[in-house]
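In the block that follows, a single chain appears as structure tokens, in the form predicted on its own.
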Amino acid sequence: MTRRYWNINLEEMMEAGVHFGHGTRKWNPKMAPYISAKRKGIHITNLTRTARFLSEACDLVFDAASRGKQFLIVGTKNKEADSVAWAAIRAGCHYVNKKWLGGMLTNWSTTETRLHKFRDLRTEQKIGGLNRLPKRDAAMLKRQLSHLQTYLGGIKYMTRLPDIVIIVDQHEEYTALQECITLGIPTICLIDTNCDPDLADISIPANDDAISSIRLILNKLVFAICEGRSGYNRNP
């Protein structure tokens, strides 16, 4: 895998608060190599290590995108939901930003059935089919469509398992991470000082609570994906 320059700036990361970890009492000892200091009761992440692993992640997604691979971005906390959707749409990725439904990947046949139902209902709504039904039936199907849109809207065009999954919060999305591990799907994961760095294929030490930190990391990854896709589109 060729290494490239991704303009990852330590000062920019500091301004975004990427270096702020959790309180010193709430940490995972496995994170010790990624922590540079303690300040006012919180751990400070070593941004040099963050830059290194973020660069590796950018190289990985660039190469994968240049070969037409598919990505899934997962981040379901309320404050990060909009950033996850924006990043995924910008890069042409699938995303889950509301709630991870257990078995979404490991029980893919069930997810596919739900997606087919979702697409059928969307088509019926577009052509006005739901309005021709009795009011009670139409209301029930519209509620069903709204539910599917909330939880599956970000993967409505996904026709197979993703090639790489990007996870914004290891603790919050632990079920999604475990499903990826079970299926052997490569993962890139933001890890705060209370996380396990050994679970993901590439772990990026970063503040997973501050929206500015999350946006910065996602922006770098999205830029690399877009760059890779542009090369793929030029050379089909």
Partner chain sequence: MATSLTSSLSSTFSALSLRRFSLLPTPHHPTSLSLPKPLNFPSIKTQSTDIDTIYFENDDPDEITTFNPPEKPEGFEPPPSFDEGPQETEEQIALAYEELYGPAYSGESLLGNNVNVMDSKVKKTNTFGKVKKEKIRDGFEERVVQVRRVTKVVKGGKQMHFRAVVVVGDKKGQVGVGVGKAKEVVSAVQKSATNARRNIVTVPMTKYLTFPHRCDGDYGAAKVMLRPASPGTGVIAGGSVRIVLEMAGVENALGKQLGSNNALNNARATVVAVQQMRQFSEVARDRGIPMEELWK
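Positions refer to the first chain, counted from 1. Please read these numbers as outputs of a predicted model, since none were measured by experiment.
The same protein also exists as the form predicted in complex with its partner chain; that form is not shown, yet it is the one meant from here on.
Using a 4.5 Å cutoff between non-hydrogen atoms, residue 83 counts as a contact of its partner chain in the predicted bound form. Under a 4.5 angstroms non-hydrogen atom cutoff, its partner chain in the predicted bound form lacks residue 20 among its neighbouring residues. Although the partner is absent here, residue 35 sits close enough that one of its heavy atoms falls within 4.5 Å of its partner chain in the predicted bound form. Contact annotation for residue 49: at least one heavy atom lies within 4.5 Å of its partner chain in the predicted bound form. For the partner-free chain shown, 122, 123, 126 of 122 to 139 come within 4.5 angstroms of its partner chain in the predicted bound form, judged by any non-hydrogen atom.
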